[in-house]
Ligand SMILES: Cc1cc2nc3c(=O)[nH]c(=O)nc-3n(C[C@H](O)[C@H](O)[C@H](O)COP(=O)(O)O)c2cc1C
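First, one chain by itself: the form predicted alone, in structure tokens.
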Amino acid sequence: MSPLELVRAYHQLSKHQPQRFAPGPGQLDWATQPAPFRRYAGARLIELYQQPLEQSPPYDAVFAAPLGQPAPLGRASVSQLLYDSLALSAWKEAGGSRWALRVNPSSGNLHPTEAYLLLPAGSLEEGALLAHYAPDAHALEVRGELPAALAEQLRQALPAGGLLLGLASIAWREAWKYGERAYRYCQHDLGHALAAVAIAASALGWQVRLLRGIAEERLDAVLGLDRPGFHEAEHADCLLWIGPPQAAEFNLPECLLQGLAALELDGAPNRLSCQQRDWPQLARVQALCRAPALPAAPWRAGPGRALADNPGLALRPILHQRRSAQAMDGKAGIHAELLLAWLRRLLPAHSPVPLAVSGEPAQVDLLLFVHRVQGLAPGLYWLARGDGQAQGGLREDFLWQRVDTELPLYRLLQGDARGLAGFLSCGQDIASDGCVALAMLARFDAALQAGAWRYPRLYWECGQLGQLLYLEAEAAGLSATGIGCYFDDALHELLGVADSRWQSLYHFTLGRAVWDERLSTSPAYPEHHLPPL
């Protein structure tokens, strides 16, 4: 089988069906539950600090383009970037158990995503550094100090005032609970993290863009993930430029990449679990989907069409108070104007932050299950995000009635879709009890024509959309949650899709949450601040 055929086979294997779920552990082995934080024993620690959330730009301003003049690269700005994107947001406690929540959401709160920074000399310290971000301490663990010659190569390679950030995944964190489907969830989480970083960077006047010119398989060595001592495999997913906006991608010289791969590293990675169960398809699909070096793409998407749907609302409190709902009340409704505002936010023209990060065109449309939206009849609707046109290849009896002059939103069928939404989301009431639920459907065949490497990036796009929906719900005083458990082919059957041109990759629901009052909440970190940027 070709690599692409093997990826398609994995996708089919990892589908849930009403009569069976994708291969998984069946029940949780709590004795092997992975530790929630990667740490490097013996690595030197650089403490970071958070600023008061009141020191915040307006919520709506950051999505159209990086906001204002770029912040100077230094300890304050790096601290703020990570605090607003990948840090802890709170601690929860119940029945003697205590666990952390984070600014970036994750499937099952398992957090497979890790972050590594390449910082040029003079940004945090006199020398250049490779560091790992430890969210439990809100600190950087120094993995390596670059020799002077290598530091100079990094300085010359990077535009002034910016840094490189690599994101990596530890698949075992998700596989412990989800088995072979875990690769999907790692990529969802990567998309959420990409969006969280891009939004936090925009508030600092910084751009975030994917460096496409480096083959992905080389990034493990660049970030030090190929060295001995890792009990649980960790693989790099992407390398990002973060800094003042640039017009086009730049290349990292071969001598710099080789020097980083040979860098002497400090710190031993901790063991996350006493034992792992092997899920062979995960390692295979991960290796098959690593992107080759790709042609450079222009980076200036142009400022988006700014929206002003939330006047006077501050960004940072929204980022830090975002939570994943565990249940919806089944009663609350919203006005159609609010739903349309949420959907506008998801269009690439309105939100190049974060949707332009990867440089890939939009490939994901939305199927909406409208439950309680005043001014919009209950039923099924389609948001054509990619090209704005009604799509072929779906059921012939769909109405395709356009319901808004600005948005490419179409009514497909009218009627009560609550039971249908709940059934398709593995029988979960949360999908029927929200105001609206949705499925994210990718142009699967069209995207994969470019190669197997496009498979995870479809999930990245879904995660980015999910992050925007989380924030939009929070901004409206409501809540949302991502749903990774759904019956893939049952949804395709509903749409009349007999082939793989469309594939459902993520479900979501928005409404008024019902919170468990037995849980207590405490702050993420002790109070300590820096002066304003």
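In case it trips you up, residue 1 is the first one in the sequence shown, and so on. It should be emphasised that the depicted structure is a prediction, and the values quoted were computed from it without experimental measurement.
One more form of this protein, predicted together with the ligand, exists but is not displayed; see below.
Taking non-hydrogen atoms only, S273 never approaches the ligand to within 4.5 angstroms in the model of the complex. Contact annotation for N109: at least one heavy atom lies within 4.5 Å of the ligand in the model of the complex. Residue contact check for C485: one or more of its heavy atoms lie within 4.5 Å of the ligand in the model of the complex.
Under a 4.5 angstroms non-hydrogen atom cutoff, the ligand in the model of the complex has I430 among its neighbouring residues. Here the chain stands alone, but in the model of the complex its contact with the ligand, taken as any heavy atom within 4.5 Å, falls in 474-482 among 494-502, 32-40, 61-69, 474-482. Think of it this way: in the model of the complex, the ligand has a heavy atom of just one of A349, A341, L101, A332 within 4.5 Å, and the residue is L101. Of the candidates R227, R323, R300, R75, R323 is the one whose heavy atoms come within 4.5 Å of the ligand in the model of the complex; the others do not. Looking at the ligand in the model of the complex, residues K15, Y183 and W279 place no heavy atom within 4.5 Å of it.
Annotation for 155-188: the only interface residue with the ligand in the model of the complex is H188 [heavy atom within 4.5 Å].
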